[in-house]
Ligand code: LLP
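Below, in structure tokens: the form predicted alone, a single chain.
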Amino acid sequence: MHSFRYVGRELFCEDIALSDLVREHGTPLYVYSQATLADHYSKLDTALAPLDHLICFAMKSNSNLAVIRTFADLGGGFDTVSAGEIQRVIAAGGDPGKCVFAGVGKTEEEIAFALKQGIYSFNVESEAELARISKVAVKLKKIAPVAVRVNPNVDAHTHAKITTGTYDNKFGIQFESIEAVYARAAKLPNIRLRGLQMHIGSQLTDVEPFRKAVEKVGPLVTKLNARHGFDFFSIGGGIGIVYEDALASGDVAWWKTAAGRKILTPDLYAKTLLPLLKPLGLKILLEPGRFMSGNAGALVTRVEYIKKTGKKNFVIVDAAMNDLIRPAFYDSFHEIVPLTKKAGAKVSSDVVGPVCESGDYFAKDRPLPKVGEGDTLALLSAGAYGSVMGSNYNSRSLPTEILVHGKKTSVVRRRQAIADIWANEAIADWQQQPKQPISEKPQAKVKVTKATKAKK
């Protein structure tokens, strides 16, 4: 479930009317629900309670410090893919000792930093990386904990750009080679073979690919554990969320009866995998991202123009592909709803942004309530791979981000000042310097505010 719902005619996040946030902070605007973040973590944690386990939030889905801190306070760990993400965990008050470090291109500097911070394990993607980790660990006189990522060659039947578990992908080492790789790795100095890792893809709404992968890899884990003395087996992330009909999915009854609605619930996930995982006798790591943060966020945007052509009704908004790139990148779906409910027939519309690209759109030929200039819309399920993939394309500033907690709100990222976009750039030494630098009013301080109470 999630905490976005209509109260009367107004769209709320927890106990806060989104229209109140727009009046105070403008648009585009990201809004996150702390209750939803905590709820999704807790549901997964409870479902897996029979196992010794650690949920490592995949930070690439949303790396805002307040989001990280929410999961750290719940006892969670973190799946990181750069030294920068490990530093974010530390900055947010998280424990680097609960971090796994994944990614196919770790530099020597990143490996050294991770070792110095005492991370839980490296998820190793190649033999070349194993050799590099060993080299850095010897130099630092440290023991490097590692888990090789096995590619089980299981097709997750998801979008081509987010599948990771077949031999066509750049991730991991092929299943048939793993035993030999571990035998060679065991001879490397300063390497501790702590476990085995896999991840077959993202946005999986069917439990079968998970079952097939664990059934295939489980016997391999048992064999390698007998030889090398493992601590854990990481089964990766990938649990999908609701994008279509997302507003309805916030209802508790909907969640409980969701089996026929193409959603993979934590209970079904655990019921399927627990019988396969428990006999292994190892700590089980999970690395969910989208499942934890996706439905917890919305991107709020203002309608700037309505443009009608002979064939199209264009709703031109102030958010753009630089704020939320998923529709342009993946042709992905985000439910779009007005902040104030509107009656009447729906109009087939293209919702597009101001960026000078034909790919700058959020919806095409979507039946939407009739809206006009100045109306505000919410793009739901934008808490994962939204702001974190933002850019300054067209010299557009990154938007404000708000965390909601009941009746409280906090600015957890201030809107980027325009001049900050080029703050690290400079006119060349031999070019004429501008006479007057551009100045901009300072940004508002971070503050906590109270907003409208939900109407009964």
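Residue numbers here begin at 1 and follow the sequence given. Quick caveat: nothing in here was measured; it's all calculated off a predicted structure.
The form predicted in complex with the named molecule is left out here; the points below concern that form.
Chemist: Indicate whether the named molecule has at least one heavy atom within 4.5 Å of a heavy atom of Gly94 in the predicted bound form.
Modeler: Contact check for Gly94: no, nothing within 4.5 Å of the named molecule in the predicted bound form.
Chemist: May I ask you to check whether Val352 falls inside a 4.5 Å heavy atom distance of the named molecule in the predicted bound form?
Modeler: Taking the distances in the predicted bound form, the answer for Val352 is no, it never comes within 4.5 Å of the named molecule.
Chemist: Should Arg302 be classed as touching the named molecule in the predicted bound form when contacts are defined as heavy atoms within 4.5 Å?
Modeler: Arg302: no contact with the named molecule in the predicted bound form.
Chemist: Answer with yes or no whether Phe333 is in contact with the named molecule in the predicted bound form, where contact means some heavy atom within 4.5 Å.
Modeler: Contact with the named molecule, no.
Chemist: Three residues, Gly297, Asn322 and His405; all within 4.5 Å of the named molecule in the predicted bound form via heavy atoms?
Modeler: Per the other structure, none of Gly297, Asn322 and His405 touch the named molecule.
Chemist: Only one of Gly77, Gly172, Gly289, Pro145 has a non-hydrogen atom within 4.5 angstroms of the named molecule in the predicted bound form; which is it?
Modeler: Among Gly77, Gly172, Gly289, Pro145, a heavy atom within 4.5 Å of the named molecule in the predicted bound form occurs only for Gly289.
Chemist: Check each of Ile133, Ile239, Val315, Val150 and return the one that places a heavy atom within 4.5 angstroms of the named molecule in the predicted bound form.
Modeler: Of the candidates Ile133, Ile239, Val315, Val150, Ile239 is the one lying within 4.5 Å of the named molecule in the predicted bound form.
Chemist: Within 4.5 angstroms, counting heavy atoms, which one of the listed stretches 110-118, 357-365, 194-202, 336-344 is next to the named molecule in the predicted bound form?
Modeler: Heavy atoms within 4.5 Å of the named molecule in the predicted bound form occur in 194-202.
Chemist: What residues of 41-64, in sequence order, lie within 4.5 Å of the named molecule in the predicted bound form by heavy atom?
Modeler: Heavy-atom contacts to the named molecule in the predicted bound form: Ala58, Lys60.
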